[in-house]
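Shown below, as structure tokens, is a lone chain in the form predicted alone; questions about how it binds or moves come after it.
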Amino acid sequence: MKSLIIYAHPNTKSFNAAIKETLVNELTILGHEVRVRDLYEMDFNPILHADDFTQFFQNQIPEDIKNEQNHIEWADTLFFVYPTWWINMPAMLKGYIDRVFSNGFAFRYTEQGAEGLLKGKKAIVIQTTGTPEHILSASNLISPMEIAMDIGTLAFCGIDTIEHRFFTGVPVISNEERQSMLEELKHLVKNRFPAS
């Protein structure tokens, strides 16, 4: 199994960093080939310029985009790990999706509408929040985040989201509770990818 972790958090000591490392360790133990795309560490350019569109239509994909597309083509499963900022993903990840999941690579338009070109790939989304779950639920904010990522983005490209897990209230809970979340993540990975 080939697993690609697309990671978007600038703080190397964050809980998101602990999630990323837990995923790498668990997937490796299970015998997966694992690659990590740490967008901040890579200093990925998230800005979609007019020149990018011009090159897309001339089938001359910018080198940084083509490199990321090669990683996505390689993977069986994509893991997205990111915090919630303003009830959305960080701009870095949004820009990565804007540039890398491009027309002609991730989808194309037909007379019947958009067609996803990444069929057969699976996704697991791990999203942290600073807001506790009961506040998010009371404001009906969880479902819109799931819809935007799982349906509006991944399903649009033909990718099947098999899990979208929220770890909520991260800054205001105890270290023990955060450790429990990491144990939950380990179980999630083992259940989704049982050892052969």
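From 1 onward, residues are counted along the sequence shown. Source: prediction; values computed, not measured.
Below, we turn to the form predicted together with a further copy of the same chain, even though it does not appear here.
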Examine F101 and determine whether its closest non-hydrogen atom to a further copy of the same chain in the predicted bound form is within 4.5 angstroms. yes
Report whether the minimum heavy atom distance between G31 and a further copy of the same chain in the predicted bound form is within 4.5 Å. no
Find out whether any non-hydrogen atom of H49 is located within 4.5 angstroms of a further copy of the same chain in the predicted bound form, and reply yes or no. yes
Would you please decide whether F56 lies within 4.5 angstroms of a further copy of the same chain in the predicted bound form, comparing each non-hydrogen atom pair? no
Which one, L141, V36, I61, M42, lies within 4.5 Å of a further copy of the same chain in the predicted bound form by heavy atoms? L141
Stretch 108-122: residues contacting a further copy of the same chain in the predicted bound form, 4.5 Å heavy atom cut-off: none
